[in-house]
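Consider the single chain below, provided in structure tokens and representing the form predicted alone.
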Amino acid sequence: MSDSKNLSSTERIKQKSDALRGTLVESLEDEITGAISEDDTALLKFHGMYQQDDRDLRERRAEKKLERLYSFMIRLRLPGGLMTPQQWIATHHIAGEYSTGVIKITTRQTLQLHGLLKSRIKPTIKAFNKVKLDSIAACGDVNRNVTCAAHPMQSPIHEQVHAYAARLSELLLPKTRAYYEIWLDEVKITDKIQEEDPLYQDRYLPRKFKIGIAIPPNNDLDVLINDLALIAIIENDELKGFNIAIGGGLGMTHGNTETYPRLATVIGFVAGEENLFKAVYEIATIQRDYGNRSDRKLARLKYTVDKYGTEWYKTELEKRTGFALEEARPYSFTDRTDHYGWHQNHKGLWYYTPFIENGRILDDETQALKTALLEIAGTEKANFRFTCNQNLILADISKKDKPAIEKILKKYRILENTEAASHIRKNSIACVALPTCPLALAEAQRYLPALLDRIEPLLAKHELSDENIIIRMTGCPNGCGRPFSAEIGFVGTAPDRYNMYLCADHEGTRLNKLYKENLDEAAILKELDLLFWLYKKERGHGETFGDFSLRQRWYKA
């Protein structure tokens, strides 16, 4: 069991929080500061929000003896990334009225808004609630947003598999009514028995817990980076069950060798809904009981698995569920990129995926994306499905409605922008990083587009523009942009400095390795120029950049 004596400060905050209520009401009413109390910042995450400040303005405000410019980021709970056109219209207007106006698609297949002032949090949540959207458990030491294979064209039974995302999200929701009381003015429960939580108790989990559901052969969500990965086994268009894999997670800390990225390990197969839900639930309870509660850097499920071993975890799971896992079924992944442009599924419905750089939905000089999406939502002819690669799919469009949607896409230059984007740009991901993320050591989403402007000519120089190389960048090693599973990964170490990683495969079944440290832009471009030259000159037939990098041993021993 986890050490209950040497608890981290966050563990103590959770246990004395009155089921995640803390003093959030009092913090919200405090008009002297734009922030909330220190303990409440930890609890706010369970409600789907982070307190942030504009780091670009810190020094200037400090010189004037002003408080930091505090604001809040809110993230929606959106299992499987599905949203109705009515919900999109509401989100568009909420973003414009209460936040910066930019809607951000995350790598967890959901949306987040930045720049909310403290006084605007409650109106924002009430507005979302009117269209049946919430931010419960989108952050914090609980099960986060459940991701799932995004594109319905992947399988005739995509709808059946996709439905598990919402059901698992409900299964693992906290029982406390704190969210409804604080933000939606629900009358406080006085009978504590009504909100006893057998899963989370008063401790919740030691750290965040992530679930992903994949439909082979596509691995668009990078399923093995999750604490719990479910891989659908489909035979003759019939869902047989799921392979279960445990212990994925990409976050690490620079200079701390006890921390590391890890892909999930497949431990068996389970058939039947009842057994699947039991297995998922008990995997979470094992982590609750055995995860590290002393050191949050070592608190993810991957460290529990490596401490006790996969066989121990499997045995403990079978003891708690009362049934044995079956032998894992064969599967393979062949790709993990989004399907851009128009595609049709088995029902004859149409889907269009535009390129959205780093998931930022706004109008700019290249395209009026935000305006176009609002107009499309207004037609009520398309649903909105989000991907884990920071894109959206305009979905479930009938044949007769396709021309109307295409006309809007053309009108606002969405078609043109998507077709013009390079392969490497379409395969890129960047986390938010500066100026709002408190963990960021370097830029990511504000810098990667400019870096790609300089990488694209190098690819053209070596006749590699058509290669689907996967490139990702984060401002710190926390891994939000999944840099450790990219064929070329950049992880910020300091302003304008990045560690460079190579050798991951194209399918998401192998992590990359450290190649060079603390590179500035000039050094990055010099290295890539050489690597692309060697790749063009010496690669095997059909050999991907990641596989070639591994064969050439482009990594530190």
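Keep in mind that this is a model prediction, so the values were computed, not measured. All residue numbers refer to positions in the sequence shown, first residue = 1.
Although it is not shown, the form predicted in complex with a small molecule is what the next lines describe.
K.L.:
Looking at 85, 479, 241, 101, which has any heavy atom no more than 4.5 Å from the small molecule in the predicted complex?
P.N.:
It is 479 that has a heavy atom within 4.5 Å of the partner.
K.L.:
Select from the listed residues 293, 385, 162, 75 the one whose heavy atoms reach within 4.5 Å of the small molecule in the predicted complex.
P.N.:
By the 4.5 Å criterion, the partner-contacting residue is 75.
K.L.:
In the predicted complex, does every one of 155, 265 and 329 come within 4.5 Å of the small molecule, counting any heavy atom?
P.N.:
Checking in the predicted complex: none of 155, 265 and 329 is within 4.5 Å of the small molecule.
K.L.:
Report whether the minimum heavy atom distance between residue 436 and the small molecule in the predicted complex is within 4.5 Å.
P.N.:
Output for residue 436 is yes: heavy atoms within 4.5 Å of the small molecule.
K.L.:
With the partner left out here, check for me: in the predicted complex, does some heavy atom of residue 249 sit within 4.5 Å of the small molecule?
P.N.:
Yes, residue 249 lies within 4.5 Å of the small molecule in the predicted complex.
K.L.:
Considering only heavy atoms, tell me if residue 52 and the small molecule come within 4.5 Å of each other in the predicted complex.
P.N.:
Answer yes; at least one heavy atom of residue 52 falls within 4.5 Å of the small molecule in the predicted complex.
K.L.:
Is residue 112 near the small molecule? Define near as a heavy atom within 4.5 Å, in the predicted complex.
P.N.:
Close contact exists here: in the predicted complex, residue 112 approaches the small molecule to within 4.5 Å, heavy atoms only.
K.L.:
Determine which one of 280-288, 164-172, 92-100, 250-258 lies within 4.5 Å of the small molecule in the predicted complex, judging by heavy atom distances; exactly one does.
P.N.:
One stretch meets the cut-off, namely 250-258.
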